[in-house]
Ligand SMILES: NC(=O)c1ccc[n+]([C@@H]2O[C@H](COP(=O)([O-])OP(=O)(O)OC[C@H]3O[C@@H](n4cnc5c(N)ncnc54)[C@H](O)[C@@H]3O)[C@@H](O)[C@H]2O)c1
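Next up: a single chain in structure tokens, the form predicted alone.
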């Protein structure tokens, strides 16, 4: 990987809850420098700037026009992702966004096309796949520790975000649900481990018409549920491997691993893809014990925003690992799975992406 002479200057649009996670990571990223923030609620941007010396509070239009800002980190709500990304691209900025790339694949395609036409790099979360947990599993697969990969299982179950979230309405509206909320972590991981997806077949259920908020000022209020709350399906990878996916806001808990990958000569337990670290366990053919593998790849002690570091140090003509194309393919896979669930028919995935290169074991260092 190449490395810039100077850090990449970042301006953030959207100063809601998630910005805190990025602000914790930025001091570890020697190739990234935060220079400006903006929010429709100017007081929120002012508050972030006041707590971060050298960071300016701007309006969105001012940030887009600012020559110092080289990359726009898009932390707005999903419904605004495409609009903000297109505005940034029009202003000649690189873009890195929170997941999803856009509210739907049609809008996401427009963002991809605009970035390609402008010759600008586009990145997108999740970047949890770049941490030591998923990358150590990826290294194990690449090194042949499980032989030829055959299948994977990916499971995420929870009784519902309304139990802890004070305003959970959007999780239960079209565009929400367990697949589109948590699926990006799991689908992006499966693509990293096993490559792009060729087709899907799915099923889904909608078990309750309302949910009751369990905390905050609206505690006890019933909200409507108008989207599927349990989605399952099979992803057929281009390699021939089959991944079984279960995403649920209905089930209570699971004792199984978040992700398992099975090959001809071994099986892997892969850590939670919503985390950057975690143990990878291997059971080889003929063994009776699970072995914890040494950490062998990924960004060490990473946090949200490491995808921007990866983008910054990637050669100009090379796609970053947390790329817009990968994010688009993951969104296409998830939307296709929901279409399959409603039609009862297998759906061919029209998009594809490159399987990102493994991340060498890399220590993050604070910029001098």
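As the structure is a prediction and not an experimental result, all values here were calculated from the model. Positions refer to the first chain, counted from 1. For clarity, a rigid core is taken as the largest C-alpha set superposing within 1.5 Å between two forms.
Quick note: we don't show the form predicted in complex with this ligand, though the next part is all about it.
Interface residue remark: residue 40 is counted as part of the site for this ligand in the predicted complex, having a heavy atom within 4.5 Å.
For the chain shown alone, residue 276 is not a contact residue for this ligand in the predicted complex, no non-hydrogen atom being within 4.5 angstroms. Though the partner is left out of this view, residue 15 does reach within 4.5 Å of this ligand in the predicted complex, counting heavy atoms only. Using a 4.5 Å cutoff between non-hydrogen atoms, residue 304 counts as a contact of this ligand in the predicted complex. Stretch-level contact analysis of 234-242, 192-200, 219-227, 179-187 against this ligand in the predicted complex, using heavy atoms and a 4.5 Å limit, identifies 179-187. None of 138, 211, 81, 93 but one reaches within 4.5 angstroms of this ligand in the predicted complex through a heavy atom, and that residue is 81. Screening 33, 44, 56, 28 for any heavy atom within 4.5 Å of this ligand in the predicted complex leaves a single hit, 44. For the stretch 148-184, the set of residues having any non-hydrogen atom within 4.5 angstroms of this ligand in the predicted complex comprises 164, 165, 170, 171, 181, in sequence order. For residue 262, a C-alpha deviation below 2 angstroms is recorded between this form and the one not shown after rigid-core alignment. Core-aligned CA deviation for residue 283 between this form and the one not shown: less than 2 Å.
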